[in-house]
Ligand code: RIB
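Next up: just one chain, as structure tokens, the form predicted alone.
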Amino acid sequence: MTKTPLIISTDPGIDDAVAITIALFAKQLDVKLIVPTWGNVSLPKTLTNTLKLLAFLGKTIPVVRGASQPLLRSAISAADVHGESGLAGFAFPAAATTCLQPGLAATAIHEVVAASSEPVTLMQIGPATDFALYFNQYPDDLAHIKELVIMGGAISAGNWGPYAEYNVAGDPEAAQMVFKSGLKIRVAPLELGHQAYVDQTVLKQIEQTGHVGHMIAALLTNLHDLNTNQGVEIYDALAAGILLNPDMYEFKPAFVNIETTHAYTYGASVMDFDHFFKQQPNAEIGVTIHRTDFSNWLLATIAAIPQGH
């Protein structure tokens, strides 16, 4: 089986750790590079968290530092949700510093794409800063990108203000550049996270799957984002799910434009499903996912990870 080469832009972040873990052990994927960026917490913390996760999982994947701030605005933080470290709830080993590579993220991404014998897939589960910089610096590479999968944006209400979802609100200008790239884009918006929550029964089952399951359950238990059903809403793992089990989702095409001008709607992802703006769709948006299907997939995927890790 030919594996899909994958580059991950991430800001760990508890749900990022779940998504990265799934991608690293997926038989269909070959993770070539991980680019930690500022996001849920600051870059020094997201970088350290990435390296600690790799050490725990026993994986040697090249890591390069991403952006430390948005393109134009001041950085925001979600430490109140993920803990001050970004990965509250589990004692990780020391960071795997041997994975850390020198250089700029855009150049490192370009080198992976240029060396690949087949188109590379990108997965964005944090702010869009690094991919925007990469697209701007290496526009010819776009022809060699298979697709971009994003967890971000909101169809209606946001979680960083009335309309803006956190990953997009973190760097709206970068998000706008990404959606204007012309790439094939599939999106897991905020609403899918509301649907794809994991209840306490499933959390206990995940914890019992082994060493990795214990880590994931410990992190998710400390994610301060419970819904009204006392379930933990899962977001970034939805991006991995799009790559590995897309039949769980219903997608609809939409023209996506990011609001970068008006103060009260800054960072909103305007998703036009009805051709209101007379623009061609630039993304496929996940609009529904059945909670039981997602829970079963997540549990089975974590349980399939070798127990020696």
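Model, not experiment: these values are computed from the prediction. Numbers for residues come from their place in the sequence shown, where the first is 1.
What comes next is about the form predicted in complex with this ligand, which is not displayed.
Visitor: Using a 4.5 Å heavy atom cut-off, which of 205 to 213, 138 to 146, 166 to 174, 93 to 101 contacts this ligand in the predicted complex?
Guide: Contact criterion met by 166 to 174 only.
Visitor: Among the candidate residues Leu87, Ala196, Ala132, Ile125, which is the single one with a non-hydrogen atom no more than 4.5 Å from this ligand in the predicted complex?
Guide: Contact check passes for Ile125.
Visitor: Within 4.5 Å, heavy atoms only, which of Asn222, Ser77, Asn159, Ser116 is in contact with this ligand in the predicted complex?
Guide: Only one option qualifies, and that one is Asn159.
Visitor: Please tell me whether any heavy atom belonging to Leu190 falls inside 4.5 Å of a heavy atom of this ligand, as the geometry stands in the predicted complex.
Guide: Output for Leu190 is yes: heavy atoms within 4.5 Å of this ligand.
Visitor: How about Val178 - does it come within 4.5 Å of this ligand in the predicted complex, if we only consider non-hydrogen atoms?
Guide: Val178 lies outside the contact set for this ligand.
Visitor: Would Thr50 show up as a contact with this ligand in the predicted complex if we use heavy atoms at 4.5 Å?
Guide: Taking the distances in the predicted complex, the answer for Thr50 is no, it never comes within 4.5 Å of this ligand.
Visitor: Answer for Thr46 alone: is it within 4.5 Å of this ligand in the predicted complex, judged on heavy atom distances?
Guide: Flag for Thr46 set to no.
Visitor: Need the contact residues for 4 to 36: heavy atom within 4.5 Å of this ligand in the predicted complex, sequence order, or none if there are none.
Guide: Those in contact are Asp11, Asp15, Asp16.
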